[in-house]
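We begin with a single chain expressed as structure tokens, specifically the form predicted alone.
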């Protein structure tokens, strides 16, 4: 450790990561401390970590990686922590960017909202659903806590104003090689769905189907991502239905599934302005996009029929959903 090293602890979580770990470790050589938390790797992951001088901490396999992050956040010796996964890495200018951030905002904030590039099947995905994909990974020790889940943002334990959001372009980014192929994407999504935690009450398969329509619309961006956008939008919609079926089976198969597929339209729970925005021209543009998407023409037709009476849309939807809930 030299004087030029940055007083920062990098924590990396690994599992059979020999293919991607060297690139990540090279990208954080400027950090004074590097900790590799390994979950029973069967390849050369541990050997590579030792070669780079990282502190190796073995831990048993965990079904959800976010659930074990908290156990190791206090292991570092420095005030600031940067958490990365083994399939992520930083660009060559990361050291300069991190030093600048800590020097400028280190006293006024406790965490940074860092944008992330996601690469899927050899392509960086540019749609708004995949980018900038802000992550809380650089933070002051003791100020962040993850829940026992998968791919959810951690909780900032101090105050909202202590989180500094980085605005691209021209700022620090995390580079994430999510999936090398569509086949790997499918395999991972199934594993995530099977290992997730599902609530014991409040089950509604209709809601899962509605979220499937929601995901398809939200992920679809042919202009930025071409044909791959259709593939990913379809898989994310499929993921919602699969999760609904897993949830249904774990609760003893008590509820009816068939009624969910009679819903003529999906409500937009997370993005209330996506289907029915305040601006009429924006609504027309989105209807045109829906009409060009395979499999959702019926949805588009219904939206189009309502667009001239957009003030009454919510009431129409309430009546439709009320009928199907009877």
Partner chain sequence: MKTRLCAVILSRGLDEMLRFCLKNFFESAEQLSGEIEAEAIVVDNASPRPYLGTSFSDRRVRLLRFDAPTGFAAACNRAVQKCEAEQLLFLNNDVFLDRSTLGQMLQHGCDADVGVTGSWLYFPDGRVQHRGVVFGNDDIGPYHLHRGQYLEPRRPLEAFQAVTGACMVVGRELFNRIGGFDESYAFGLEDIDFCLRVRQCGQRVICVDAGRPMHFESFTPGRVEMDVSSRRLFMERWRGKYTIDG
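Numbering follows the first chain given and starts at 1. Bear in mind the structure is a predicted one, so any value in this text is a computation, not a measurement.
Not pictured, yet referred to below: the form predicted together with the partner chain.
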{"property": "Touches the partner chain in the predicted complex: residue 207 (any heavy atom, 4.5 Å)", "result": "no"}
{"property": "Contact label in the predicted complex: residue 170 to the partner chain, heavy atom within 4.5 Å", "result": "yes"}
{"property": "Residue 126: touches the partner chain in the predicted complex, heavy atom cutoff 4.5 angstroms", "result": "yes"}
{"property": "Residue 110, heavy atom within 4.5 angstroms of the partner chain in the predicted complex", "result": "no"}
{"property": "Candidate site 93, 117 and 225: all three near the partner chain in the predicted complex by heavy atom within 4.5 Å", "result": "yes"}
{"property": "Partner-proximal stretch of 117-125, 184-192, 132-140, 229-237 relative to the partner chain in the predicted complex, 4.5 angstroms, heavy atom", "result": "117-125"}
{"property": "Of 150, 178, 158, 97, the one that lies within 4.5 Å of the partner chain in the predicted complex (heavy atoms)", "result": "97"}
